[in-house]
Ligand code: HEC
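First comes one chain, alone, set out as structure tokens in the form predicted alone.
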Amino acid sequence: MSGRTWVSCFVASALLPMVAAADPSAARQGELIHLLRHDCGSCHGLTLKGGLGPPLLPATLDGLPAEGLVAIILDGVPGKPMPPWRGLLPEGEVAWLVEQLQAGAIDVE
């Protein structure tokens, strides 16, 4: 990501209130992980090690504010291929996905 994108991430995190990552039901968690692997994986790589988009691995997400990552997913990145998911995914589900990604809790191998 460019410096501008990281700045946007941090600015968004300052403006976005802390989002509680409520655990979706087990069935919904499975659907979200499927979406992550297939829809997000089409750009971020099927193993999330990067592709058109950057890697979504715990090491690359370490130190980034969860709120900023949630904002990027919900609102996309203007001028980049990252689309907005707002209106398709609720904020709480996006927060849960970010929490899982940062913790390395999603097995994509």
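As the structure is a prediction and not an experimental result, all values here were calculated from the model. Just count from 1 along the sequence shown to find any residue number.
The form predicted in complex with heme C (HEC) is left out here; the points below concern that form.
> Quick one: is Leu36 in contact with heme C (HEC) in the predicted bound form, heavy atoms, 4.5 Å cut-off?
Contact with heme C (HEC), yes.
> Whether Ser42 contacts heme C (HEC) in the predicted bound form should be assessed with a 4.5 Å heavy atom distance threshold; does it?
The answer is yes: Ser42 has a heavy atom within 4.5 Å of heme C (HEC).
> Whether Pro81 contacts heme C (HEC) in the predicted bound form should be assessed with a 4.5 Å heavy atom distance threshold; does it?
Yes, Pro81 is a contact residue.
> Can you tell me whether Leu52 touches heme C (HEC)? I mean in the predicted bound form, with a 4.5 angstroms heavy atom cut-off.
Leu52: yes, in contact with heme C (HEC) in the predicted bound form.
> Could you pull out the residues of 64 to 88 that have any heavy atom within 4.5 Å of heme C (HEC) in the predicted bound form?
Residues within 4.5 Å: Leu64, Leu69, Ile72, Ile73, Val77, Lys80, Pro81, Met82, Pro83, Trp85.
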